[in-house]
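Just the one chain here, laid out as structure tokens, in the form predicted alone.
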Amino acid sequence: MRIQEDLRGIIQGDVRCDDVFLQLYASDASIYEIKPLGVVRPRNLDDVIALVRYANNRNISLHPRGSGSGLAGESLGSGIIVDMAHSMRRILQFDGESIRIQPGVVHQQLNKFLARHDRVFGPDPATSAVSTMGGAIALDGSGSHWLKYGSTRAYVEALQVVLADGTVLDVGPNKNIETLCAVPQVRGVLHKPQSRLDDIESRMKQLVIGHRDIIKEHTPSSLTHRCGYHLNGILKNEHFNLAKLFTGSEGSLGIITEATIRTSPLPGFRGLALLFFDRIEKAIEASRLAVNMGVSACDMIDRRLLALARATSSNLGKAIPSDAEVMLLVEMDAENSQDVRHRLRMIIDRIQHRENLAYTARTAVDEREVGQIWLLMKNVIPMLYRLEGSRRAIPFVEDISVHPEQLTTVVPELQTVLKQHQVTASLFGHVGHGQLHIRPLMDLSDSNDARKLHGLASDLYEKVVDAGGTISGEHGAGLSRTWFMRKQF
């Protein structure tokens, strides 16, 4: 195909089709590799419109991509990769509370800007240093602080999106506007088009109202849910909030070119309680107690990650007992440091001394130390990919989510499935809101291990779905979980 020649002159951004460059975009953080036809790095809205119309006329698939940090292969495809992170990464407007941005703005850089104004964008993906806000919106990203902030969907005030035919919509909670309509051409004569927005809203009304009971029946009981399209809550007072629909749609409904998101006040002070347990069941029980005491985050880290943390940081590592089976990392914030200290002491007193769940604990209230501990915990996870030997942590089942009350039942069932398949895995995640990351340690060059992938995923997901949970808590369906969507629904 003549993609590079065809687009030269109508696209201001880069258009690349050389083999070496394409190979760079053939993979992401998942286990998959798909070589695309080409890569386009649009510079502005006009570039995206021109590209979409070109691809639509030639039946070429488009695959929007941020930093490529996704674990499900959602940014890969055999068509044209649309790199939104390269050039469309500007902060456009900030009014003190809401901020208008392009999709390529990096999450960490956004929060550095907001911190100067005592504001923060609360949902915090683990790969904040590289993850783009376009990716956070496309996946409805959340993270460790879901307990305090929820997910991205709650903060999206408006989106500018380009549909598959080149139509441009500005959508939000109060109004939807069609700013550019793709005009159909029949036999060389231009006809006045029917509004694409009217058509979309009419069809959505039929779908949501006509299938309200089915939608409710198939919505998991888990607090987070990233499978399929979210149809709950998009219709309010006869208005469709299409921004909520686009959020979490993984780029399948349109390409986001601008977003206006609401920010939150930066917490005054925060502190951490590190609670250590000899059994995972005790940690799960303790997490429910901690959540009821108003914590802003509650993460669980297993012994493999704790061992990596001890080996990585000589200072912080000394605080991690060598015999700990699991640790809860609990964060509390307040307007003053005294309140933070008091609340952390209450948590430790309840979980360690009164309930006898944790066998030891420590606190961190210095902001620098708190930041270092969070950074350490996030940095040790990628180290699972670099363990000695042939087996590596494989992110193919990744993040499941059930209602927190179901964890005490589901976790032992998941461990039994792993044993049945003779697979060892690292288990960690945001247990405060019922989300777990499962990283089986496998050697994909071993045909025996490779053959286990589908069966292992199927059996693990079956336990999750039976418990009313979801096979994807925040990392999307992508290539990893699309095959299992029928099991979910």
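The first residue of the sequence shown is number 1, and the count goes up from there. A quick note: this is a predicted structure, and the numbers were derived from the prediction, not measured.
Missing here is the form predicted in complex with a small molecule; even so, the following discussion is about that form.
### Message
By the heavy atom within 4.5 Å rule, which residue out of 176, 167, 224, 127 makes contact with the small molecule in the predicted complex?
### Response
Among 176, 167, 224, 127, a heavy atom within 4.5 Å of the small molecule in the predicted complex occurs only for 127.
### Message
Only one of 36, 42, 434, 66 gets a heavy atom within 4.5 Å of the small molecule in the predicted complex. Which one?
### Response
None of the other options qualify; the answer is 66.
#### Entry: Stretch from 49-57, 450-458, 418-426, 66-74 whose residues place a heavy atom within 4.5 Å of the small molecule in the predicted complex
Of the stretches listed, the one contacting the partner is 66-74.
### Task
Tell me, yes or no, whether residue 29 is in contact with the small molecule in the predicted complex, where a contact means a heavy atom of each within 4.5 Å.
Because a heavy atom of residue 29 falls inside 4.5 Å of the small molecule in the predicted complex, the answer is yes.
### Query
Should residue 142 be classed as touching the small molecule in the predicted complex when contacts are defined as heavy atoms within 4.5 Å?
Residue 142: contacts the small molecule in the predicted complex.
### Query
residue 400: heavy atom within 4.5 Å of the small molecule in the predicted complex?
Residue-level check for residue 400: no, no contact with the small molecule.
#### Entry: 4.5 Å heavy atom contact, residue 263 and the small molecule in the predicted complex
No, residue 263 stays farther than 4.5 Å from the small molecule in the predicted complex.
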